[in-house]
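Read the single chain below, which is given as structure tokens and is the form predicted on its own.
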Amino acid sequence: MDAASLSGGFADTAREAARAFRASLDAMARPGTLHAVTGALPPAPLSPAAGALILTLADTTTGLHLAPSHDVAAVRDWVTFHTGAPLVGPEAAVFALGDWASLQPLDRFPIGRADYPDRSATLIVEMPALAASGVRLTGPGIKETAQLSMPETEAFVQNAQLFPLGLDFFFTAGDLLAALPRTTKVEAL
């Protein structure tokens, strides 16, 4: 572990973690909305928003899967030092982190069980950019419709059909994050 692994966490842990947690809750409650999160300075290729999510949501009890795009020594060391989260395979993931292509196929991740639908994975998808335009979103937390730039449509249509089972998603780019819970319906425009 090098010195860079020891830096890049929240400078004011309580306040910055609270802000990032609030942003993640707001994003899940209002799919398609963009939220800025700051404070984390993780190693590349991890974005500041993804780093803030990991610092806020991961701990020693939450298995984290690093997809090949993000499974590099600097990220592994940074996650281990700052959160203690165990690095696991996709089948044991509570959270998974990577770009869209490296997170495939999605059927490797737990989608919950009929008696415990909450025992599913949440994927943190690193994107080149995020915008409130793209596919149409409807469902809980959305007054009429919302739009969000997403890597594709069909995987999210299929995921919503699994409800109450399924995966939940965060999308991150730079210091922005958005979320797509499994309850959201996705349609191409």
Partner chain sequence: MTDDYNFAYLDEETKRMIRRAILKGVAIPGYQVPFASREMPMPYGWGTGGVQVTAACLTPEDVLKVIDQGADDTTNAVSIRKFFQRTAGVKVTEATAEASLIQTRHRIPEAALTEGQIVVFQVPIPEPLRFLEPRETETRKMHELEEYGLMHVKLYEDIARHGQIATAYDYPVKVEGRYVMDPSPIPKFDNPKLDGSPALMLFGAGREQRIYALPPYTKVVSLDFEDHPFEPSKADHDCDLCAASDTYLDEVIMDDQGGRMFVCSDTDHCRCRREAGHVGRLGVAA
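Small disclaimer: the values here were computed from a predicted structure and weren't measured. Residue numbers count along the first chain shown, from 1.
Heads up, the form predicted together with the partner chain isn't pictured, but that's what we're talking about next.
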* Just one of 66 to 74, 140 to 148, 126 to 134, 34 to 42 has heavy atoms within 4.5 Å of the partner chain in the model of the complex; which? -> 140 to 148
* **Partner proximity in the model of the complex: Ala50 to the partner chain, non-hydrogen atom cutoff 4.5 Å** => no
* To do: Answer yes if any heavy atom of Asp168 is within 4.5 Å of a heavy atom of the partner chain in the model of the complex; otherwise answer no.
  => yes
* To do: Find out whether any non-hydrogen atom of Gly9 is located within 4.5 angstroms of the partner chain in the model of the complex, and reply yes or no.
  => no
* So, in the model of the complex, is Ala114 in contact with the partner chain at a 4.5 angstroms heavy atom limit? -> yes
* For the stretch 158 to 189, which residues lie within 4.5 Å of the partner chain in the model of the complex by non-hydrogen atom distance? -> Phe163, Pro164, Asp168, Phe170, Pro181, Arg182, Thr183
